[in-house]
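Single chain ahead, by itself, as structure tokens, in the form predicted alone.
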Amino acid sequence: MTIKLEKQTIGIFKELKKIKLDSVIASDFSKDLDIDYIVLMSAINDLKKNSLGDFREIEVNQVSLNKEGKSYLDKGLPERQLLNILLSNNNQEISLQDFLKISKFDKKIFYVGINYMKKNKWVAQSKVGEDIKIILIQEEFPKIEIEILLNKFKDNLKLNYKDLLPEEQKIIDTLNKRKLIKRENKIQREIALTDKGKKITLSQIKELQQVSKLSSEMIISGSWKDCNLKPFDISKPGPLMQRGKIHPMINLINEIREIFLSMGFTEIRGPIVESAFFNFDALFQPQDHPARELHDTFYLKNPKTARLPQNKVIQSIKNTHEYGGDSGSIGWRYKWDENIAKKTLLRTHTTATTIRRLAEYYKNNDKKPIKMFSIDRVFRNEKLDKSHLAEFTQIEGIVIDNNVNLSNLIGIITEFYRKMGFEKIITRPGFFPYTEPSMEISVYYDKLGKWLEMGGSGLFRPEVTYPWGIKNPTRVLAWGLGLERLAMLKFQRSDIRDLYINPIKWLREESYR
């Protein structure tokens, strides 16, 4: 059996024969051979036609150090640099402020380093009077896991995330949280010889002399009779044209919007940059609540403060926090600080927009019932992984009317999820800081065969509504649902980051709507 191939294809086939591995990455192979990638893949397709070779496409998640990460690879992480300063100065104990001065570090990076030194149990922090001391509590300081993994980037500029061990992936996630790496998703092709290609000998391969068109000289001389004309298969379709289409997430948002509009709701929007007043205080969340800390909330430097509503409302919120106001509650029993309420932040939930709508209802004395919804971005200082994002979208809704209750709320939410295609929906008692009673919503997903929690809901507490003049029998039904969780079910994605990293293969598979 003799197979005819083009000269260039034969050369690539010979090189593949020399490789002992089952497959090789196409981009690396083209660099090794110093040939154009397109020329290589054209040859592989030629081998594929003759059942001698093949290729497959795989998604690759590569990680590499960013500029800051590279500097730490050379100089050491901030915690290691600070430790070296202490050891070189033979300081077993030092004032925090003195340490900051001799380190010559940027203040933010300095405190990041101190924090990780404490996490590594290298140092302890002690307050003596008004002075804060940093004390060495170890004698030996071997390299920690994150430093060992960091050294891997010395030999490899890019690491394949899937090739790393589970414990190494956790460390990469930590580096990602510390904003020291960058991720890159791409499609990678692996090429290989088939069983037929491995068995066939080079003596069975002959060079194919082909021409794609005849010249006038060939016709006049008659040399065309000795040429092999390249065949044209007119039955084969042309190249697939990938036309643009609406992103699946936009389609989903529009579907949700249409459902709420069909149920008589009106859409509302609110500012992304919000005050702590509307984001926390108006929801009866105490000013020392852990959710307000930097590790959960993105606070802003510019603008640093926001304007608050009229003094009457501020005083009402203050009274509610301190002793319950006229809500019947005893409040939180602390001194409320207006300056804390003025702080600006990236809103952590769209309930802040809901509160602004309550304020408008009170101010304009709107006619009941009021039915509003919003689908908007929120921000939380979350660790990025396959189920968490720092920026995501909430589906929020409220109903303001007289004598509404949990039965009305269950009916609205059940109807929404039925219109979204879920047949089984259950609600059960839950706890949320600013609703009472509260309930959680779960749907049954047939493809997984289990119940999945989708969000929370309830009736706003008197401490939330009374400062805005909304009092019994007028009540407010409220709910907050996660768009991304719903999207992961709809699009059958296992990694929430896919919704925004946009893997091309997935986007091409999604239907046009």
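Note that residue numbering follows the sequence shown and begins at 1. Only a predicted model underlies this, so the values are computations on that prediction, with no experimental measurement involved.
What comes next is about the form predicted in complex with phenylalanine, which does not appear here.
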Check: Is there any non-hydrogen atom of W479 lying within 4.5 Å of phenylalanine in the predicted complex?
Finding: yes
Next item on the list: Verify the contact flag for E396: yes if a non-hydrogen atom of it lies within 4.5 Å of a non-hydrogen atom of phenylalanine in the predicted complex, no if not.
Entry: yes
Checklist line | Any non-hydrogen atom of G53 within 4.5 angstroms of phenylalanine in the predicted complex | finding: no
Next item on the list: Find out whether any non-hydrogen atom of G469 is located within 4.5 angstroms of phenylalanine in the predicted complex, and reply yes or no.
Entry: no
Next item on the list: Select, from the options 484-492, 60-68, 456-464, 26-34, the stretch whose residues sit within 4.5 angstroms of phenylalanine in the predicted complex by heavy atom distance.
Entry: 456-464
Item checked: Proximity to phenylalanine in the predicted complex, single hit among T435, T320, T353, S275 (heavy atom within 4.5 Å) -> T435
Notebook entry, point to check: Can you pick the one in K419, R380, K342, R178 that has a heavy atom within 4.5 Å of phenylalanine in the predicted complex?
Noted result: R380
